[in-house]
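Heads up, the chain below is alone and in the form predicted alone; it's given as structure tokens.
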Amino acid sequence: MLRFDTLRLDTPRLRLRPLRPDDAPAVYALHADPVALRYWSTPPWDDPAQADELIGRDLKALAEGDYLRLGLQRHADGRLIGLCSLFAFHLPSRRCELGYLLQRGLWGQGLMHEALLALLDYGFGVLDLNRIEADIDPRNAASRRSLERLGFAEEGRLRERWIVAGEVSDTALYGLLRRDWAARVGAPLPRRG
């Protein structure tokens, strides 16, 4: 059984770690920002209790290995500035989906790229995944560039897939294969077991 409740991944500027109850104000601020959530699959939050609920669900899911959501904590000041996740695991196919969200004032500094490099390395290396997928709004040019910079390829579009707060949007589907990641990082990835 997978367990993620003690997982820590460190990068030069960040620690990726499970969320804690005292992260609730930062988690709420991330999800309440209408600009940051412009292309998200849910409307911005309007109740701080939603952060407590998310953290509670995460603590259970991490212990049971259902999904992996980690907070991005800056080494410099200890602030929680974003989230990244691997979810919708389909273990027989060694596949999952990727999600991420970063505090708007820190966009463009390479922080999410740094975090996702570590998360993808963990997914393809330790978890032995064969494929990681991402689903984005095709109007989100910054997210598209982030995925392509990591090696993801656009594999298709689903028309009018999401309706969020009455707004209909398409989905661009992206995929990254283990073999492409291994070629990109320049070394064979270890296999589990």
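Predicted model, so just to flag it, every value in this text is computed and none were measured. The first residue of the sequence shown is number 1, and the count goes up from there.
The discussion below concerns the form predicted in complex with a small molecule, not included here.
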{"item": "4.5 Å heavy atom contact, residue 157 to the small molecule in the predicted complex", "value": "no"}
{"item": "4.5 angstroms heavy atom contact with the small molecule in the predicted complex for residue 140", "value": "yes"}
{"item": "Partner proximity in the predicted complex: residue 136 to the small molecule, non-hydrogen atom cutoff 4.5 Å", "value": "yes"}
{"item": "Residue 57, heavy atom within 4.5 angstroms of the small molecule in the predicted complex", "value": "no"}
{"item": "Candidate stretches 60-68, 34-42, 121-129, 159-167, one within 4.5 Å of the small molecule in the predicted complex by heavy atom", "value": "34-42"}
